[in-house]
Ligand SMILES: Nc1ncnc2c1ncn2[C@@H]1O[C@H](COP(=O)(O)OP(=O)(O)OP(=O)(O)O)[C@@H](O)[C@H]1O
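Let's start with one chain on its own, the form predicted alone, as structure tokens.
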Amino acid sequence: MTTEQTTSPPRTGVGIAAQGLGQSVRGGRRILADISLSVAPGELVAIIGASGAGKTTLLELLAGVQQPAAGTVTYDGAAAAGTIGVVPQDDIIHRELPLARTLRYAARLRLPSATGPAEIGDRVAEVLAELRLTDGAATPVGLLSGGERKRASIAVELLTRPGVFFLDEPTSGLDPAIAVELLRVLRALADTGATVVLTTHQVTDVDHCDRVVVLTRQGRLAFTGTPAAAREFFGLRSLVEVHLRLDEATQPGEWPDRFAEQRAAEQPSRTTGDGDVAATPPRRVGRLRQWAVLTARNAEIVVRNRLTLAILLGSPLMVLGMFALLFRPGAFEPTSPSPTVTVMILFWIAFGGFFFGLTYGLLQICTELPILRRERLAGVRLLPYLLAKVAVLLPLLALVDLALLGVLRGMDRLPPVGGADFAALYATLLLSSAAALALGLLCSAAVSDAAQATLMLPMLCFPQVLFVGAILPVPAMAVGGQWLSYAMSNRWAFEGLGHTAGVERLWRDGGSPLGPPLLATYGDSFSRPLWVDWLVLGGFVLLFLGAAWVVLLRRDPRRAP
């Protein structure tokens, strides 16, 4: 496979100046204190320190990923779109897609809206060639080697030709040969004018860098300068022993104080000139384009992940099969209805729609929070992100809901309603699934991983069983239960289905002695106009999606501490 490289404009390095940086975590514990340093354009800089020294925190403060509790970060020149590239420690790009497809989607989200498909293709080919990934362009990211995935993460940022790269532990988990190869790539980026700042726990990586920043376990600056000057300062032949040297200090501030005195005695460090705060947001692609790109990418991920697609479509089919075995035919027969059975059939149909929607949404966000965090730095907005999830999953829910009602109707497990009433049943069930999907997305946004989301499933389902009004009618509940039932979206779906199915008329006029007493216990549950149930279900959809947006916004690390 060959590609024709295009001539790219030269990269302009960005200088960085940090003054008095400090950061704290909840509880007030300081993890960084009074960090002042400067990075010249085109330098390759390594940040080292013992575990817990605050390396990643300092990197994220310099990159604008976090807002500092104290101090400032400035760049020389404008921190405009494409200036900053951030590569986190994990390989956080979708593994289901081929590498070239991944880069195409990233380019459509990052490059100006006027960029055409041909230009995007040329840019992707150029980046692949520059990082020697052309041969893996058609390979799913999950099948690339560790070193290739690291370069793929860099390739995503390289699409916009940033002037400064920030990389968190880029050589972590790589064997020595691949780590050296990756460092050569970073060295080449710096040699072409980009400023590169990385953290590392492999002190030998420092030998490939122009400058090293050393942090103590207390998050203080022990040294910044060339690797040779660092060895001289600490009195070491190799910086491999620098952590031991810091730990041998009789006072925690011994080395930071010594370095501060030395720096004060020398000429002032280089500082950048006119600057912009590092967190200046990039120029963003329009909301509609973001939604279209994210929707297309989500759909392709679902299609390419056959296991996920099988689960999304297979689990409703299993539930449908169980419903067919559980419900007996003829329960809605007007001449001999079974009121208690009709209650359970309508309830389990409503719960089926709720369960499908909830399980579809519950793992959607928590499994890709790191990817979302990275793309937020590139300007991706939260509303298009959430609506793209809905745009892909809701049609699938519409399909399974239609199959559920159609098969049950064909097997005489539903009342013999006409086309308009069947459409009303379908609309109610689909609104119920949409509300549950939005609830699943909300909960997925609130947790940190798939295990936590899975644990939430029974806690979300049990109230939707107990307080809906099927097992125990709402009027017969205790006052607290009655109030709680208003917050159950499944209640409104159940009552809407009952209204359309005509259970009031069926129980009252069907001749079953159980009908009138059972109807009396439900009060006016099924007499409410259907549009009220639809309005409430639609309100739940908007409420849960809005809450998911707020939760994601509050989890944005760029918010001020």
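Note that this is a predicted model, so its numbers are computed, not measured. Residues carry their position along the shown sequence, with the first being 1.
There is another form of the same protein, the form predicted in complex with this ligand; it is not shown, and what comes next is about it.
Candidate site formed by 34, 70 and 197: none of these residues places a non-hydrogen atom within 4.5 angstroms of this ligand in the predicted complex. The closest heavy atom approach of residue 57 to this ligand in the predicted complex falls within 4.5 Å. Not displayed here, this ligand is kept clear of residue 518 by more than 4.5 Å at the level of heavy atoms in the predicted complex. In the predicted complex, none of the heavy atoms of residue 148 sits within 4.5 Å of a heavy atom of this ligand. Proximity of residue 169 to this ligand in the predicted complex falls within the 4.5 Å heavy atom cutoff.
Annotated contact segment (heavy atom within 4.5 Å of this ligand in the predicted complex): 46 to 54, selected among 46 to 54, 488 to 496, 531 to 539, 518 to 526. Between this ligand and the residues 208, 201, 304, 95, the one pair within 4.5 Å by heavy atoms in the predicted complex involves 201.
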